[in-house]
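Below sits a lone chain in C-alpha cells, taken as the form predicted alone.
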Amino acid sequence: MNETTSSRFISIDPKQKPLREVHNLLLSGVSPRPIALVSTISEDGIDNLAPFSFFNAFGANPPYIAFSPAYSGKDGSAKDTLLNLEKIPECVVHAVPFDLIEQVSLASTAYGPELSEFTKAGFETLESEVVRPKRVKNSPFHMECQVEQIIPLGGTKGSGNLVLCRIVRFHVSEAVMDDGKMTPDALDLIGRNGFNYYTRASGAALFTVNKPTGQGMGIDQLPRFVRESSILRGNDLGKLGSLEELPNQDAVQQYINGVRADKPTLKYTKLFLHGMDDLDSNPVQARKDIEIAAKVALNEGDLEFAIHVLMALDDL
C-alpha cells in the first residue's frame, strides 16, 4: 500500500508515486506561490527570460532570495536560465503583476538558447546598474542579484536546483508607492497555484490580520464551552486567544448592562439580547444565538463584545 487513510487524511509516499503526481501535489498544496520573472544572459550575449514559482525571500540583512529552475521531467535537460547562471552568475528577478501574466506565460515557452524571450514575449528592456542581465521595464519591482550558490537538489529528471541570490540593487516603480510603501492593489501581483490556476493578490482577495499587541493568553485558557463550541471556528478561537486575559464577571455584567442601556441597533447585539432573554425558556437555542452573535462580532472586528458576551455564559 502506498496510500493510507488516517483521520480522514490520505498519506502518500512520494517515492512510490510518479513524478508528475508528486509535482502536482506540491503545486496545488504549496500555493499560492509568488512568481519570479528571471532575466539572465548567456556567454554569447543572448538575453534570456523565464518565470519560476518555486521562489521566495530569505532574510533582509543582507537581502537574499532564492528560486529553483528544475531539470526537465522528460529528458533531464537543464533550462537556459540554469545554464546561463552557471557561466555568468548574475540575474534580475522581477515581480509579476496581473497585466503581464499572458506575456509571462508566453516567456515560459521552451525557446532555443539563440532566441530572447524579451523579444518573443514583447517585453521592453532597461539596462541594469550592477549586473549584466537586462531588466523588464513593464514590471513594477526589480531586484538585481549576484548568484552566490547553486545547490543541486537531486541531479536527475524533475529535480530542482536552488539558486541562492544576494540582492545588490532594488528598483521600484513610483506608480506602486504610497507614503513610502508598496501597496498590494497598486502592485496587483499574481500567485501561482496548481494546474492552470492563479491567484490575483489585490482587490477583494486582500484582508488584514491584527497581530496580538502583547502575549496572548492562548486558546487553552478559554472556557471549555468556548473551545468546544460548534459555532466558533479556529479563526474565531485564535482571535479570542490573542487577548491577554479574560474579563472577570463584574466586568462582564457591567459591559452587558451597558449594551442593554445603549438600545443597540447592530444585528449581533440584538441577537445577543434576544438570546439572553430566552435563556430560561429555551436555553439550548439561546446559547446558540449568543455564540452566533459573538461569531458575527468577531467577523466585524468587535473582539471586546465577543469575549464579554461569551463570558456571560460561563456560569450559566
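In this text the structure is predicted, and so the values were computed from the model without any measurement. Quick note: we count residues from 1 along the sequence shown, nothing fancier.
Unshown form predicted together with a further copy of the same chain; subsequent notes refer to it.
Student: Just to confirm the contact call: exactly one of 37-45, 61-69, 249-257, 269-277 touches a further copy of the same chain in the predicted bound form at a 4.5 Å heavy atom cutoff, so which is it?
Tutor: Going through the listed ranges, the match is 61-69.
Student: Under a 4.5 Å heavy atom criterion, is P184 part of the interface with a further copy of the same chain in the predicted bound form?
Tutor: Close contact exists here: in the predicted bound form, P184 approaches a further copy of the same chain to within 4.5 Å, heavy atoms only.
Student: Indicate whether D220 is a 4.5 Å heavy atom neighbour of a further copy of the same chain in the predicted bound form.
Tutor: D220 belongs to the contact set for a further copy of the same chain.
Student: Looking in the predicted bound form, any heavy atom of S230 within 4.5 Å of a further copy of the same chain?
Tutor: S230 lies outside the contact set for a further copy of the same chain.
Student: Is it the case that E129, even though its partner is missing from this view, gets within 4.5 Å of a further copy of the same chain in the predicted bound form, heavy atoms only?
Tutor: Yes.
Student: Does any residue in 208-239 get within 4.5 Å of a further copy of the same chain in the predicted bound form, counting heavy atoms only, and if so which ones?
Tutor: Contacts from 208-239: T208, V209, N210, K211, P212, G214, Q215, G216, M217, G218, I219, D220, Q221, R233, G234, N235, G238, K239.
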